[in-house]
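What follows is a single chain, given as structure tokens, in the form predicted alone.
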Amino acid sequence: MINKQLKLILVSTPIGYLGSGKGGGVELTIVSLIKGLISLGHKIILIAPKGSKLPFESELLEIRLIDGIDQPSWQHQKKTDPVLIPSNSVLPKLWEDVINIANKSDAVINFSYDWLPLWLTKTQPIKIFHLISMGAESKIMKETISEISQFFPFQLAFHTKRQSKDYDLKTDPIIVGNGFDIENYLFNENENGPLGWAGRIAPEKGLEDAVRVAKSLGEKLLVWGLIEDKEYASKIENTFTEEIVEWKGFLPTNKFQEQLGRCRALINTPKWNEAYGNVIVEAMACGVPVIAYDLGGPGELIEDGFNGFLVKPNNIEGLIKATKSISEIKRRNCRNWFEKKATNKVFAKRVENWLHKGLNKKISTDFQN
């Protein structure tokens, strides 16, 4: 039972419509959280770019679609770049709609890693909560998040402690993790399948390291994800002359989990500080052990020797050794970890507690002065 039904506005990523794959793991987070919050009895208004769709309907859910140009991602800009808002950008249009209907709701949850909604926190009467989706990819974003943490500390949350350490926070961070709908992932007991890798096909994801592992073992590597950088994908194909990579594309969750679940291991090779690691949890939900670089969020998700192995970043030999030892991991351990720590209901409950905490806090008197 909940203490009070909350009326919440959730604002989607402006990088692409939900279902496009452009928003990466944020898209899955939004969909999972909405379903989890609805299961707790809360009313949701989702404001998202035109074209967005959810795989379910509910009397407690309203979707408002906004037309406009996609916002560029901070991932593909320099840390010192200024704030960019394109002409006819969907970002300010999303927030114009928020402001127009804000008086009908208790709170707003922002999923955009961008300056504008953070700045609006200081100017709007409604409380805007921010689930920060990345590490400190921008100097101006780092400065702005630091400022918000000083005056509105209970309106910021992070996926992992490692992610939060990227920022100069004034108080201990609120960590909510992440979560996924258990009904969407089937446990697969098969221990003898292929190797897999999943994520956006872009340099910061380090796909080439996983390909090197597959080549060393004389195997194929199944690769799922949106090819965001075609030049990068072509370079991988040209570097490894043998047909090692089998491109599987960007798939809806039901098809993705079915194929992923057949793997004996998922290899995760980020070159940057991952905030969380959605594909790691999706793999474990299917019973698939994960071998990952001990960098960012994955280092908090993988219990070394229990649900996978952690390897020092850029250590190809370490990846190979761990892959050869993957049979030591019980697939049931992976599923059990998921059920205990990362279902969407567990996630939604943590977010609900965060919201109640923030709604009961007053604005810093220093800011008001």
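The first residue of the sequence shown is number 1, and the count goes up from there. Note that the structure is a prediction, hence the values are computed from the model and not measured.
If you look for the form predicted in complex with a small molecule, you will not find it shown, but the lines that follow are about it.
For the options Leu28, Ala342, Ile47, Val311, the residue carrying a heavy atom within 4.5 angstroms of the small molecule in the predicted bound form is Leu28. A heavy atom within 4.5 Å of the small molecule in the predicted bound form is found for exactly one of Gly135, Gly225, Pro117, Gly287: Gly225. Though the partner is left out of this view, Gly24 does reach within 4.5 Å of the small molecule in the predicted bound form, counting heavy atoms only.
By the criterion of a heavy atom within 4.5 Å, Gln155 is excluded from the residues contacting the small molecule in the predicted bound form. Although the partner is absent here, Val279 lies within 4.5 Å of the small molecule in the predicted bound form, judged by heavy atoms. In the predicted bound form, Lys271 stays away from the small molecule, with no heavy atom inside 4.5 Å. Heavy atoms within 4.5 Å of the small molecule in the predicted bound form are found in one stretch of 279 to 287, 97 to 105, 233 to 241, 144 to 152, which is 279 to 287. Judged against the small molecule in the predicted bound form with a 4.5 angstroms heavy atom cut-off, the residues Arg200, Lys205 and Phe250 are in contact without exception.
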